[in-house]
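First comes one chain, alone, set out as C-alpha cells in the form predicted alone.
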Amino acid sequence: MDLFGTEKDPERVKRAIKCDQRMREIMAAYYLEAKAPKAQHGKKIAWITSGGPVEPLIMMDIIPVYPENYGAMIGASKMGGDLCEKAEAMGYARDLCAYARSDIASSRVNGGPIGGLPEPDMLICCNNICGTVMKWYEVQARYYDVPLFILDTPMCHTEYTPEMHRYMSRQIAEYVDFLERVSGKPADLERALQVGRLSLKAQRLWQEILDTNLHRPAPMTCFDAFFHMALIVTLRGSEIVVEYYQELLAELKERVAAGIAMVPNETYRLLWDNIPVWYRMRWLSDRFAAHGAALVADTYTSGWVSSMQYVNEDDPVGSLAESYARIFLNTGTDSMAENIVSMAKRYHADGLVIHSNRSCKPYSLGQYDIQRIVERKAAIPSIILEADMVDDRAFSESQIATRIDAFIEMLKERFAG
C-alpha cells in the first residue's frame, strides 16, 4: 500500500520518491511521542493553528500539535464524512470548516487514524488563516478546560504598516509571556536564536525543494509536495526538519539529473490553488497524469515560505511579527492573484486548477476575481473544481472528471493552434 492507501503498481514504484518512507517514520515518531503518557516525555502539549508561530513552542520544548494536520490525515484516511456527520449531530452546521468539524468530533469519540490527538495543556490560535479558528479553539479550550492564547493578526491587504508592526510585536511578547506562565519555565533567548535560524534554514530548503519543479520534466508534483510539507508545518525550527529536507532535496536533484519524471510524457504544466482534496489525492493525481499533465506548483505548499523574505536571521524572534502577519492567506485578493501570476511565469505553467473549497472560505473567497486576473495577466486558461478538503460528501467524481477532461481538451486545442 502507498501513502494514499492504494495498491502500488511496478511503474509507480519505479517513479516513487525514496524519502517517502523516512518521512513516514519521522511523523510516526512525532505522534508516538505526543501521544505517550506525559510522565514519559515530561513535556507540555500545545494545540496550535497551522498559521501560528511554532518557533516559540520549539524554543520552550513544548510539543506542538496541529488539529488541521490531523484533519488532513482524517481526510486522507477517508474518515472525514463520518466524523463531520458526528459533529453535525452535535449541532454544528455543515457549512462550517471540515477541519473544525472533524476535530471536534474526533475529540469526543477518540476518532481518526490514530484514535484522536493527545489532550492539550494549552491552545494557541492565530487568525492569520481564517476567523473560524477562534470559535473552534474556544470550543476546544472549554472542552479540555485549558488556557487559550489568541494571536490577532491585522489583514495586510497591500502593505504592512508601522501600526501593524507595533500591534503584532506586543502580541508576540505576550505570547512568550503566556508560554512561560503555562510551562512554568523562562524563555531561553539563546535557544530562541537557534530555533529561529533552523526555521529559516528549513524554509529555504523547502523553497529549493519546490523549485526543483522549475525543471522540465518535473521530478515531483504538488501531490508529492502535499505529503512532504508536513514537517515544514509541524516542526520547523527543529534540526530534524533541516536534516530531512537536505536528504529530500538531494534525491530530487538526482532525479532531475537522471531525467526521472513523476508524470511520464509530461506535456502540460499546471498550477494548483487551495488546500488539497485529501481523500481523492491519488485519483486526481492519476486523472491529470493520464493526460500528461503535471501539477508543478501550488499556493498551499508555498504558503509556508511566502513570508520568508520578512525574516531577519539576526533577530528571528523580533521578525516573527511581520513574517506571520504577511502570509499568503492574510493578504488581499489582488496580492493573491499577483502571487499566482508570478508563480505561473516562474514555473512556465500552461494552466491553473482552482479548488473551490466548500470548507475554506478565506481561501476560496474571491477565486473568480483571481481567476479573471490570472487569465488576463498570465495569459493561461483555468478550471474551477468544486469539492471539500475533508468531507467527501461534497465530491462528485463524474462532474470533476468531466471538467478535467474538457479542460485538457481545451489545452490541446490551444497548443495545436
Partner chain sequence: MQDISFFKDIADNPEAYARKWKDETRGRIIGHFCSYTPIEIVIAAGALPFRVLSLRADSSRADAHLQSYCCNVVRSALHDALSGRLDFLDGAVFPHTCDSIQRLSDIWRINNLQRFHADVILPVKLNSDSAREYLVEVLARFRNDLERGLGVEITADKLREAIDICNRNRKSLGKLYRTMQNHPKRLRASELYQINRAAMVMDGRRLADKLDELVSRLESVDDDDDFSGKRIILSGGVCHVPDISRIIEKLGAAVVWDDFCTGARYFQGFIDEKAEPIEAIARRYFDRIVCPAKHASLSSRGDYLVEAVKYTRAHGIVFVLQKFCDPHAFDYPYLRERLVEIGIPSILIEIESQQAGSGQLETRIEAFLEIL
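Positions refer to the first chain, counted from 1. None of the values given here were measured: they were computed from a predicted structure.
The protein also exists as the form predicted together with its partner chain; that form is not presented, and the subsequent description refers to it.
Chemist: Under a 4.5 angstroms heavy atom criterion, identify the one residue in D286, D95, D177, E119 near its partner chain in the predicted bound form.
Modeler: Going through each option in turn, the one that passes is D95.
Chemist: Of the options N265, S77, T161, S342, which one has a non-hydrogen atom that comes within 4.5 Å of its partner chain in the predicted bound form?
Modeler: Comparing distances to its partner chain in the predicted bound form, the residue within 4.5 Å is T161.
Chemist: Do all of T49, L57 and P276 end up near its partner chain in the predicted bound form, with near meaning a heavy atom within 4.5 Å?
Modeler: Negative, none of the three is within 4.5 Å.
Chemist: Heavy atoms within 4.5 Å of its partner chain in the predicted bound form: which stretch among 41-49, 369-377, 28-36, 59-67?
Modeler: In the other structure, the partner sits against 369-377.
Chemist: Is it the case that M336, even though its partner is missing from this view, gets within 4.5 Å of its partner chain in the predicted bound form, heavy atoms only?
Modeler: Yes - in the predicted bound form, heavy atoms of M336 and its partner chain come within 4.5 Å of each other.
Chemist: Is D314 part of the interface with its partner chain in the predicted bound form - any heavy atom within 4.5 Å?
Modeler: No.
Chemist: Does E254 reach its partner chain in the predicted bound form if we count a contact as any heavy atom within 4.5 Å?
Modeler: Contact with its partner chain, no.
Chemist: Under a 4.5 Å heavy atom criterion, is E138 part of the interface with its partner chain in the predicted bound form?
Modeler: Looking in the predicted bound form, residue contacts with its partner chain include E138, since a heavy atom lies within 4.5 Å.
Chemist: Going through 389-414, which residues have a heavy atom within 4.5 Å of its partner chain in the predicted bound form? Please give them in sequence order.
Modeler: Residues within 4.5 Å: none in this stretch.
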